[in-house]
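Quick setup: one chain, the form predicted on its own, written in structure tokens, and binding and motion questions come after.
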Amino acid sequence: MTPYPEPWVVGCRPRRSATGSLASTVGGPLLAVACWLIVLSCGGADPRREALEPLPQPDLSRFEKAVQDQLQRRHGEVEEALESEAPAPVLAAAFGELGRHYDVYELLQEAEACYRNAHQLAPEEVRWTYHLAVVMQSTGRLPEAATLFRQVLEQQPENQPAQVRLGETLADDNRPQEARQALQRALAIDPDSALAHYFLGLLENGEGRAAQAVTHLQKALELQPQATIVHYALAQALRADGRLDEARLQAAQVGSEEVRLKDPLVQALGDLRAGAAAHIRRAAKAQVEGYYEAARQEYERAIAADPANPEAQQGLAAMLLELDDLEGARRHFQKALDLGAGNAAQVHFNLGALEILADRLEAGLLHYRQALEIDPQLTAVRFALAKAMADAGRYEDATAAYDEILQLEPQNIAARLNLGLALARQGKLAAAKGVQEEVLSRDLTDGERAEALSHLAALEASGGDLEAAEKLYRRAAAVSPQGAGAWFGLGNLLGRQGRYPEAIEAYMASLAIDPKNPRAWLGEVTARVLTEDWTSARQRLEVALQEIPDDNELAQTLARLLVTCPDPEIRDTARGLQLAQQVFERSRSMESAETVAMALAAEGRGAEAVDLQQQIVGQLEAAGQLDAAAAARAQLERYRRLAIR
């Protein structure tokens, strides 16, 4: 069992049978046991045995070996129970377990035969009756399924999954009155059954009671907002109730995600799966639910079962990426490629992104190009390629990459906006401005228009027309009030002009929309520091670190403020040193080392500050960063004077 919560089981539509032929399996024929053999083995003493169906012999050749071995073992257990004339409950359990294993691999005809035998031998064992009923429902034999669900409920009146499935079965069999009664009883057991509300909503709407239907369907969506199929039924009910605007809103949200029933017996079937495919399925489920560590473990089990499975290698790589193991992710993505991954273009894309993150630009670009050789239509890869070029300062190459996107997709607004930025970075302000103005002439969403206006504002600021830039930023913010970028750009513009109170307001407006933008926090704090508002600068940095606790630059800024602040009420050198050391442990950067040295000196630990600063000077000189080394040496002399005192 995996450590993540049990998944929900789809309970809306019948499954199709995937029954194999009765041919012999690969790896040795299974022994057939016909009815007359069963009778002989039992001596006719137990009438329950005389009515048993033959032991199924499906063709297992389409399954991986681990599954074949698993099913053959279960088949052998039934044979052994038959041959040893085991008591009826023991034989029933053997048939039932074999049925469950056939069921999980969608060998429904074989599962049905086993469940029937288990039910025949041990009718008091409710789970075999229930599993047989579910198979009958899944294969469209609705009257028999309804009868079996009722037998279950005679023994277990509070069995809510059986009650819901009975209502669903009766509704599908066009018996609306009986279905309504069954579903209402299900809600009496558990009023929070989304599937019961959904089917009641369908029934009410089908009989002209639109208002009641709306109530049930809204409740189903409240309980399972991810069940996007409900939006269609709700739109129909709202339309029938005359609420046309609401109906249109629901119709726009229609999807294919079914309403799900929490059904422990059916869900437990998934735990029976063997082989790499089973582990991959469980891993994918855990991944969707956000349980990345559990997913990682399942992918590792899949690889242990089948080391040559590229899907398992790729899945593990994706989970390692989520868990910040970049080198492990790179290794397994490469292994997936070596094993012939079917979606090699996507794997190259992922590897390219990993290489870029590791500051291996050329290796990343090579993978991006290989992805495009496989699938030239992958616009996302072209964007990543162009961005990598721009981030590396290769603006001409970025311009060419955005041009290629626009040749494929002339209407791609994002590509045009980024093309303008790349041109601006090359100093081609007139051309860049022309691109942004051309974009503004198009039919845009509010967000696209605000972004284009912000880009144009930045160009005006670069050209020295700060008044025009400010008007454009404010216009962008008015067009799309939820556009954080316009407020952030305005804050930068106002800060450059020394209009710090106005800059603070703009940054705060940006952060109200996007509190995860560290540059906006730093801009706001810088403006507060420049107005010598030390108290609010510290307070806002503390809030920023609550929002983005692992941001090194924010933590380092707070550390320096605590160490150097002229206000003794704000200064806290001990905490400043602690923060500085934490940042240094995470980043090992030269700047963070300098902050630690600064904090050591402020704490009166001058000798330690001198030792650390000497190391910094040596590393800067060795790296050929002579200007930085000279500044660091001057700081070293100050620490030496402090140490002498």
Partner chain sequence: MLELPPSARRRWCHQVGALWWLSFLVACGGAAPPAEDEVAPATTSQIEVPQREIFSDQSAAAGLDFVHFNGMSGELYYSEHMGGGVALFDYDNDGDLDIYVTQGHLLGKGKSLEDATFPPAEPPPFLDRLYRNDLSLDAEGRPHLRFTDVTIESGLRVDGYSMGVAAGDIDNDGWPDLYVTEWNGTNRLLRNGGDGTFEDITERAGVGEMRWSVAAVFFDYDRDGWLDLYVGNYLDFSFAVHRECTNDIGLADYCGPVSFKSVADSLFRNRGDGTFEDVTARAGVTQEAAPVLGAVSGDFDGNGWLDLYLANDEEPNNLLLNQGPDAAGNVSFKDDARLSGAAMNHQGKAEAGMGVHAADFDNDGDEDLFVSHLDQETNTLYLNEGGGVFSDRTVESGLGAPSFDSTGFGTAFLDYDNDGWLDIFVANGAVQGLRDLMLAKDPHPMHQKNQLFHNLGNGRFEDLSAHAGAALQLSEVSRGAAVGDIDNDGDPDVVVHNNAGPLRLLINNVGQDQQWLGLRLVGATVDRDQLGAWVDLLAPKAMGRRVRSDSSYASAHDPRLLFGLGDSSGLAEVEVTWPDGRREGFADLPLGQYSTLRQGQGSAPRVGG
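Positions refer to the first chain, counted from 1. Treat the numbers as computed from the prediction; the structure is a model and nothing was measured.
Beyond what is shown, the protein has a form predicted together with the partner chain; the following relates to that form.
The single contact residue among N552, N492, Q370, T139, judged by any heavy atom lying within 4.5 Å of the partner chain in the predicted complex, is T139. Listed residues Y473, Y198, Y507, Y402 were compared with the partner chain in the predicted complex; Y198 is the one with a heavy atom within 4.5 Å. A residue is said to contact a partner when one of its heavy atoms sits within 4.5 Å of a partner heavy atom; P123 fails this definition for the partner chain in the predicted complex, lying far away. Of the heavy atoms in R239, some are within 4.5 Å of the partner chain in the predicted complex. Although the partner is absent here, T147 lies well away from the partner chain in the predicted complex, with no heavy atom inside 4.5 Å. Although the partner is absent here, Q314 lies within 4.5 Å of the partner chain in the predicted complex, judged by heavy atoms. Using a 4.5 angstroms heavy atom cutoff to the partner chain in the predicted complex, none of E293, L423 and V543 count as contacting. Annotated contact segment (heavy atom within 4.5 Å of the partner chain in the predicted complex): 61 to 69, selected among 602 to 610, 581 to 589, 61 to 69, 615 to 623.
Along 476 to 498, no residue reaches a heavy atom to within 4.5 Å of the partner chain in the predicted complex.
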